[in-house]
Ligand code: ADP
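Form predicted alone, single chain, as structure tokens, below.
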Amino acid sequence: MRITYIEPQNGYKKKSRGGLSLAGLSGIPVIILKEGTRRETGKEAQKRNIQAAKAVADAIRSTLGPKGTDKMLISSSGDAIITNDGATILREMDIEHPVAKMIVEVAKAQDDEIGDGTTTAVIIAAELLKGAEGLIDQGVHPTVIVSGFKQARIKAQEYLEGLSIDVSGNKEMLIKIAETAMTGKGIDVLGNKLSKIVVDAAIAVTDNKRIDLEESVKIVKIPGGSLDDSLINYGIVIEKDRLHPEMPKKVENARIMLLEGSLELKKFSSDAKITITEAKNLASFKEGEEKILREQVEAISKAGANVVFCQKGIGLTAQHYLTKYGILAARRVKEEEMQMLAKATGARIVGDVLQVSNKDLGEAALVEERKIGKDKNMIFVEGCKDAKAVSIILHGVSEQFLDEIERAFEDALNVVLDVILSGKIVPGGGAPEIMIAEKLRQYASTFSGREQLAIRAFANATEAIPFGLAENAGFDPVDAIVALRSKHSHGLNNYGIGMDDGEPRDMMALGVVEPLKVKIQAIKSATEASTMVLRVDDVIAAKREEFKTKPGQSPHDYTRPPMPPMM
């Protein structure tokens, strides 16, 4: 884009096409942006940004709620993912627009922070921007809208906290929370059983503080069988074989050693040199190597270990001695699995086997190698006392189905952990959003300025959640919203949309509940995303650099040019 500044003869500054001016240049063009740069300003920029944000929400709007539909995402390599998990859909979509990417980043932050509520946050953000767009057309300045949104967000949080109830220590309520989180994932028939697995796992690994689920809960997917065969294992499943067929396949009352190093002879460097002049010296050299490994395995056996998990290699000689002492061993165990084994069994990860003692060993009721499928073995470590890391073993008909079940379990685990830590829940089914909308409209009437309009727009935006729940379930959303407003106007704030008939129902009585933390964070994320977009009124996009072919090179040849020779 070329922006030209011209000094008029009468001394006044004249605005250029870019909206800027500069005097005293006698009509000489001044280029401040590269040729081909695209610029959008004012309402035009804001409208385009709002449209991009709304497009992201439209992509996942139909997945909301227990009756939401699934999306099929096909990668460039042809792999397909079928899911209705908002976070997964946004993560897999190849989004180009910068504002759309901003919305996706906010959604990812919601998922990382809380683990659920991504779809809710994105839909509310899009509705806030939709309401802001109408206000901008009426002449309301974006700064006023942002101020109104922030005040509405603060009041919405207060209303949610007032609606919440404390369920600390109530396991039955935790099961209801997990069941609500997993509803709509195609597992409604087994919802109660699977929810109990989720709650048992969350209670086992939590320590009254926020934990990293990836370091404490391992989800093992086994194709074949029925989902009803899924269970929790108070231990860890390692996708490894025992090293030698002569080793015991099953060890009861296991004493487990976790070795950080290796049980094999160290390799010499490429420039190492060993001089042996006689054959007997060669035999002595080999005997010395074997003696070291024998002493190491003897130290392991003396400490009382009958199972060894090694992070690095175990050589053939060491395998021989381990087998001789009746020790089950596996090598090349991943570092994260070693950490989980330590949490589950109580073992300490050791580096020097000659210094290991009985106190360094962990315990498990059973360690067994089992055949999974036709050609795959796994080692199951089970029955660990006070396990702070567990495995959830899922069975299903296909890998795609198991992937979706895994995502459902991860969401449910996150929300259950949120409630264990905070202890507070709110009713589901759109009840909190309707309550917020009704109270915000009353709050808006206390303002005399244009901020009142922004607060009302915020109230309308929150109603998009019960509207979407009703619409995705096949009910008339307008009728559902009107019926809910009537209930809430009489103080029945626990009433949400019943998914069986679309009529208002007491969600607390039905056990349809959600963590308070998820709702608060969704409102906060949506507000931050929308205000971030509204503050942008000037978009300057540089020209894309095109691929330039060399003489004789095909325009379809996108191979990288060769690297220059090293000097």
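Note that the coordinates shown come from a computational prediction; the quantities given were computed from them, not determined experimentally. Numbers for residues come from their place in the sequence shown, where the first is 1.
Heads up, the form predicted in complex with the ligand isn't pictured, but that's what we're talking about next.
Taken together, the three residues I136, Q452 and A461 all stay farther than 4.5 Å from the ligand in the model of the complex, as judged by their closest heavy atom. The partner is absent here; in the model of the complex, the one residue of L534, L516, A57, L64 having a heavy atom within 4.5 Å of the ligand is L64. Of the listed positions (E127, D116, E410, D418), a single one reaches within 4.5 angstroms of the ligand by any non-hydrogen atom in the model of the complex, namely D116. Of the candidate stretches 352 to 360, 322 to 330, 116 to 124, 254 to 262, only 116 to 124 contains residues with a heavy atom within 4.5 Å of the ligand in the model of the complex. With a 4.5 Å cutoff on heavy atoms, M507 counts as touching the ligand in the model of the complex. In the model of the complex, the ligand sits within 4.5 Å of a heavy atom of I497. The shortest heavy atom separation between V512 and the ligand in the model of the complex is within 4.5 Å. At a distance threshold of 4.5 angstroms between non-hydrogen atoms, L469 is in contact with the ligand in the model of the complex.
Along 92 to 115, not one residue places a heavy atom within 4.5 Å of the ligand in the model of the complex.
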